[in-house]
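Only one chain is shown below, in structure tokens, and it's the form predicted on its own.
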């Protein structure tokens, strides 16, 4: 790769992560080139993106340069953002999801027993988001549905598999602290 294409590549990466427009002079200082050379490189990158018909464009806005989505993509971006706009998980949902992740397969009754409250609504929410699924049925009386996590959860957590979850032992209090907590003395006494 020649020096010009390397500069263009690095420039594109910097502009990709920038959260606000970056002035030409700041980029010139960063890459140790003249402002004129940087201006030419920015204009070349903008033209290359346009000529290639890419989904992003490079614009000069608010005193700097910024990558932005191409105006033609608006319909799909609005649809995508609308799907992603679902509300964040509640504390109850996060607790339930953690229990399922660490104890799967697990029944609704077992979840309620561990949490001390009914998990029906929370479980429906997790199922609808695709992070939990029915994995099997319990062999015991009533053949309760057993739940587990999905690959969607692993993807959202950035994990390859469930064995990559942090060990719970790292977050558990020692035996003396547990005894104090159970006797009502609290962890600091």
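Numbering follows the first chain given and starts at 1. No experiment lies behind these values; they were computed from the predicted model shown.
Keep in mind the form predicted together with another copy of the chain is missing from the figure; the text below concerns it.
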- prompt: Closest heavy atom of residue 146 to another copy of the chain in the predicted complex, within 4.5 Å or not?
  reply: no
- prompt: Taking heavy atoms only, is residue 30 within 4.5 angstroms of another copy of the chain in the predicted complex?
  reply: yes
query: Any chance residue 69 has a heavy atom within 4.5 Å of another copy of the chain in the predicted complex?
result: yes
task: Would you please decide whether residue 142 lies within 4.5 angstroms of another copy of the chain in the predicted complex, comparing each non-hydrogen atom pair?
output: no
- line: Of 40, 136, 128, 47, the only residue with a heavy atom within 4.5 Å of another copy of the chain in the predicted complex is 128
- request: Pull the contact list for 65-82: residues with a heavy atom within 4.5 Å of another copy of the chain in the predicted complex, in sequence order.
  value: 67, 68, 69, 70, 72, 73, 76, 77, 79, 80, 81
